[in-house]
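Before any questions on how it binds or moves, here is one chain, the form predicted alone, in structure tokens.
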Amino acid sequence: MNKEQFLKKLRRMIRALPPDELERILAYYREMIEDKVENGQAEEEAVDDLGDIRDLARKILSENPNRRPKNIGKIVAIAVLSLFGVVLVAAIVGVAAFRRVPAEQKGTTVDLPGIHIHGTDSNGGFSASGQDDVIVDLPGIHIDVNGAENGKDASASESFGTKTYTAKADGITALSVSAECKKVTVEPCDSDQITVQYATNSDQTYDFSVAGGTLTVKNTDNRSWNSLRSAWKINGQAPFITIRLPRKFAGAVSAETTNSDIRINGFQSLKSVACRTTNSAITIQDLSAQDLGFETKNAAINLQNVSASQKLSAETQNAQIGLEGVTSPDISLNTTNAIITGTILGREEDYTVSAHTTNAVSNLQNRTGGSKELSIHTTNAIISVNFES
């Protein structure tokens, strides 16, 4: 299934959502697929990574508070007739004919056994655009219809704004970033200060601290699953944390996030770099350090002009590892169901090589006797790594 087929089918399966929420969710998955393709996956493979579309649609509908079945009156009438007969039909009709609920009585609950209807009362009937909230609780059936005020999605997450934190670089020997659902970028600047620009709203908690020479940036994202998708972008971009360190910074960098990219580039004398994320890519460019470690899953790791004087390791799942001009005396690359490809600077004979794949081929021959170590493992995909002196 390609991207357009997937989105068309998903649209059909979650069409009970309000139109604006539906479009936001579809845009989220469109962007996710396009990001995976940009990071080297085939379009069909990127779609397959999202799992069974029926399970995905059920999850979206079950976790989304804005489900709005069409023609709710018909649904209620059929359910009541089949379960409870004409007597309860009259009871439901009586509820539906309720006068408009005064402001002080919004959220009124009426208990009748059999059906749960969460909707809005507008001019004597249920409507997604009314202003008064009526809940009819009857065990057995659960129908949710969330109202909106003045045409605005009542559950939409508060929009993001950006803030900036600054700290003196003197005495800082390490940066530690821990975030949730934020794209993390670390890049050099010509200032003597450390600057952190970050996306925030009332659903976000940020803690900044300096202790023992380590600047710690910690973010907790309190948004619901639905809000994470409805407020996914800020001016076309994912919520972000961008840290700018002095170009001469020579300490350690640790960056961890979830479901978002990590990008680090432009540093030439770092002590170490450790990156971990999920379902998103890690991209490292023009960087030198003693130790480098990268871990993600279901997304690519891309290393370009990267050097580790001691050890370099990269591990992902179901996505490729791409190398361009990489060098280290100890290199470990591991993935599954995806290719490992690119170039390593140096001579092949200098390496003790352990290269293994299944159901595919490798252009590397296992060998011993080298003073350097190269370990490359994947499954069901080729290994194509060349050496450049």
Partner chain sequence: MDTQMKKGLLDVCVLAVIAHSDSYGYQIIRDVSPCVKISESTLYPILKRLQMGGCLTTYSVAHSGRLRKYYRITPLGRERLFAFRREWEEMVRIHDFILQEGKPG
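Throughout, rigid core stands for the largest set of C-alpha atoms superposing within 1.5 Å between the two forms. Positions refer to the first chain, counted from 1. Just so you know, these numbers come straight off a predicted model, no measurement behind them.
Separately, the form predicted in complex with its partner chain exists; it is not shown, and the next lines address it.
When its partner chain is considered in the predicted bound form, only one residue from Asp350, Glu43, Asp35, Asp330 comes within 4.5 Å through any heavy atom, namely Asp35. Note on contacts: among Gln285, Gln317, Ser178, Thr200, the single residue with a heavy atom within 4.5 Å of its partner chain in the predicted bound form is Gln285. Only one of 201 to 209, 215 to 223, 264 to 272, 296 to 304 lies within 4.5 Å of its partner chain in the predicted bound form by heavy atoms, and it is 296 to 304.
When its partner chain is considered in the predicted bound form, Thr341 lines it closely, a heavy atom lying within 4.5 Å. When its partner chain is considered in the predicted bound form, Leu374 lies well away from it, no heavy atom lying within 4.5 Å. Using a 4.5 angstroms limit between non-hydrogen atoms, Arg58 is distant from its partner chain in the predicted bound form. In the predicted bound form, its partner chain sits within 4.5 Å of a heavy atom of Arg24.
Taking its partner chain as it sits in the predicted bound form, the stretch 350 to 382 comes within 4.5 angstroms of it through a non-hydrogen atom at Val361, Ile382.
Superposition of the core reveals a Cα shift of 2 Å or more for Leu17 between this form and the one not shown. Core-superposed comparison between this form and the one not shown: the Cα of Leu364 travels less than 2 Å.
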